[in-house]
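Okay, here we've got a single chain as structure tokens, the form predicted on its own, with questions on binding and movement later.
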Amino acid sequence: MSSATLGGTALSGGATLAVEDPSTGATIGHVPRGGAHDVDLAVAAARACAPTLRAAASVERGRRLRALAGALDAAGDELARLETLDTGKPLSLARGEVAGCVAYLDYYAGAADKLHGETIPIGPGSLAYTVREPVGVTAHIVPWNAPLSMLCRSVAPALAAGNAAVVKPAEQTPLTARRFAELVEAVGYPAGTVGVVTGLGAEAGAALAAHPGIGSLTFTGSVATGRAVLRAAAEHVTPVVTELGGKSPQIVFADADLDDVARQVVTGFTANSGQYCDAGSRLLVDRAVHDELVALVAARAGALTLGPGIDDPDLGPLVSAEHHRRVAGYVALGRREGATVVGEPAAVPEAGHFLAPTVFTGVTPAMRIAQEEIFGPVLAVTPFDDEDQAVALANGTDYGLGVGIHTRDVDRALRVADRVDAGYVMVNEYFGGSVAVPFGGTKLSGTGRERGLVALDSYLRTKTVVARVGRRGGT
């Protein structure tokens, strides 16, 4: 694959990074190893076209986003295959994520001409009003678990607000970001509107986070890297939106439909091989139905197929050998901590970075597998005896991203939803919602919100104008 240019921005030097198919471990291409100089070039190109983007009529911003949505839709099969080769995820999941990207672009296209300010009555003889303006250049550091989806989730509202954007995709999964930048220019956006700099986080990512030429930064990744990003951005007081992971519980009360719950729970901890920030990786279950539900969950998880993503199995591989070692290390740790693996893990393909779904019972709140984000298909099961204990267990980690609540009692569901410390609560489903629903967390899960109209606030600033009006003095 070509590595000469990146979203219209020339890259310096000849160093490259290999791109691997995690289903086989084979190298499928190379991309430039960009660094600080390349970030400077991309930011400069974005700043050069930012005035043109800002001056465009809001209705034109919407038209361009709709055109981009159409281009992504037309390239859907190509993008899904690229995403599957790059991440290893099942092809049908990649197709669904591409469709979600089209939905993001369509949604924010509809919002582009509705970003108005307000007038504020402060008394006779005065006019006060606010104007919502683009910040200029937005920066986006994108993770490897859903690279195109996470890119569109933040770049779409940034473009709707009239900004240019610079994207640093994860070094493991850069392919769809490059193709996205090509499509942006193909539908008529000025060169430099979306620049993509591939490279290592410690090099290109750090340079982008610390760059004085950006007006906002959106980061999705680990807590450790998020802290480094926040420190770098603080030097120039750059506003930052972060999504830093989770240890999300699914709370199951005894009156729930256990067959349906088992399906939701398995989806919650195995989708994308557990590599979602809001994966439902903890199961908190009423002791009265603990054994029955665990049996149903284990049976469903054990029946899932594993294989190369391009073959569209239920589960693909983990993203890299390094990440496989990390997740497998947590499985070994869980055994050492005294938790019990239910059944025997399914056989996995010899090539690639595969790990079978693993269900642990006998998990106590103090165990590391109950507290730390594993980011793989590993479920920690803990029983509870009453609602208060369920809420305490749910709130008993440093994270606060998602919570699933399963019960037929609507009053209980809403009561528990009010008591849990999390940014996103789902009742009788998991991974529910849409592009219109705000998403984000509390505690170490991050700051700010993405999706929905509230996400636009991260890519706009408010200017206030106060004027004296009417005649001054006299009669």
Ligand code: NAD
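Just so it is clear, the model here is predicted, and its values are computed rather than measured. Numbers for residues come from their place in the sequence shown, where the first is 1.
Below, we turn to the form predicted together with the named molecule, even though it does not appear here.
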Just to confirm, Ala202 within 4.5 Å of the named molecule in the predicted complex by heavy atoms? yes
Evaluate Ser222 for contact with the named molecule in the predicted complex, applying a 4.5 angstroms cut-off between non-hydrogen atoms, and reply yes or no. yes
Does Ala170 make contact with the named molecule in the predicted complex, using a 4.5 Å heavy atom cut-off? yes
With a 4.5 Å heavy atom cut-off, would you call Asp86 a contact of the named molecule in the predicted complex? no
May I ask whether Asp38, Val166 and Ile214 all come within 4.5 angstroms of the named molecule in the predicted complex, judged by heavy atoms? no
Only one of 176 to 184, 244 to 252, 125 to 133, 337 to 345 sits within 4.5 Å of the named molecule in the predicted complex by heavy atom distance, namely 244 to 252
Listed residue (Phe384, Tyr330, Trp144, Tyr107) with a non-hydrogen atom within 4.5 angstroms of the named molecule in the predicted complex: Trp144
Can you pick out, from Ala103, Leu115, Ala206, Val289, the residue that has a heavy atom within 4.5 Å of the named molecule in the predicted complex? Ala206
Taking the named molecule as it sits in the predicted complex, which residues of 361 to 383 have a non-hydrogen atom within 4.5 Å of it? Please list them. Glu373, Phe375
